[in-house]
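Here we start with a single chain on its own, the form predicted alone, put down as structure tokens.
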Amino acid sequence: MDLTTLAVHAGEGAVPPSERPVSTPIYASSTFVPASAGALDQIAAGAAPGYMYGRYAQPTATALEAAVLALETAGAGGAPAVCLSFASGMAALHAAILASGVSRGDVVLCAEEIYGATLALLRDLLAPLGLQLATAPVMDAAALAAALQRRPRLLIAEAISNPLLRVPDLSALAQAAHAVGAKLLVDATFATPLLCRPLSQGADFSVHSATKYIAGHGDTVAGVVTAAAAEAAGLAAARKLAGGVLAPFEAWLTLRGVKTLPLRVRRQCESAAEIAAELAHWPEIEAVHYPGLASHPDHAVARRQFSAQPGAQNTAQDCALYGGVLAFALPGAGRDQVFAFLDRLQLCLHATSLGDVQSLISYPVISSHREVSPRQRQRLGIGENLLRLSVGLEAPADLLADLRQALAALA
């Protein structure tokens, strides 16, 4: 099926009641009563499906997981996979790292071009427990090969990096990681399952902050991990013991968001491409970072990696999706000038998230990369004048007018 059709129907009926409702119910219960003591014993042992306690699993989340799994594995036809939901994207990332099998003394290799909180999680919470954190520029094949000589247990990268929108070759990363016995974890939040399904390109874990595009309406916090079926036990144990479970209402809101994901993301990608192309010609803008621009260093990789959409309707339009986020720099601007620009915006809301129906603009040096040292930010190209724009569902002309009036006031 086309992803648009799949998104509407996937997950519904995953928990069949006596009479199926059109919308999966919110199962607001912390505890469940199996049919018998024997059934409870089987569920507790993992020998039979079912529910007993909300920290282990609950039906509304099961429906969401079935829906995301269907999207993440659409058109793959490969080995069985599993999807588990979590209370946030960071909880999902933490569980995936633990499920990868890392232990004291192991090296975890992380892309330099990555979300600041991911680095903070590894540095501040996991490194003190004995993991060795190393970083490498995964866009540089030679530098990555040198870093892999340390034989890490896990390699972490993003399908589209935050905030400079770099696009690594995931198949090449998977091959390089597996060659030294490492697993590959891909944060695919910016790409969504509409653009990229990492498992089909060799990754072992695909992680999403479902708070962003998957839920998409700025009203909930959630995370999901899709992985090979062999990783199911590790993911379930991490969720069960650490307790990062997704609550029923948040699961229901996220499942509702899944249904319009393809429609929203297609529109956001098309609008982002139009805005990026326009900003690239504005003298008030120093640089524009967007994979859909031919000038972007990873345009060819993005075009190849994001083009294979499953389903019968594989149109030219489907092959031109490069994400709904772009970044741009204001020439010579420092924090005071950037703050003034942000305060003048009316439609583009200054907020730290992305992927919502409304356009959100953020300042990485005080948000996503606040925990990254100024020297490291400068080396990565994240300057004091860089802004990240997550394009929503507004008309591109209105968003461009908003940006222009804020620039005019700044001048």
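Since this is a predicted model, take the numbers as computed values, not measurements. The numbering used is simple: start at 1 and walk along the sequence shown.
Same protein, other form: the form predicted in complex with a small molecule, not shown, and the subject of what follows.
This chain appears without its partner; in the model of the complex, the one residue of C83, V221, A238, L109 with a heavy atom within 4.5 Å of the small molecule is V221. The listed set P168, G292, P262, G89 contains one residue whose heavy atoms approach the small molecule in the model of the complex to within 4.5 Å, identified as G89.
In the model of the complex, T211 approaches the small molecule with a heavy atom inside 4.5 Å. Shown alone here, Y115 lies within 4.5 Å of the small molecule in the model of the complex, counting heavy atoms only.
Taking the partner from elsewhere, Y322 is found to have every heavy atom lying beyond 4.5 Å of the small molecule in the model of the complex.
When contacts are judged by a 4.5 Å heavy atom cut-off, T189 counts as touching the small molecule in the model of the complex.
Across the options 241-249, 135-143, 323-331, 181-189, residues that bring heavy atoms within 4.5 Å of the small molecule in the model of the complex belong to 181-189.
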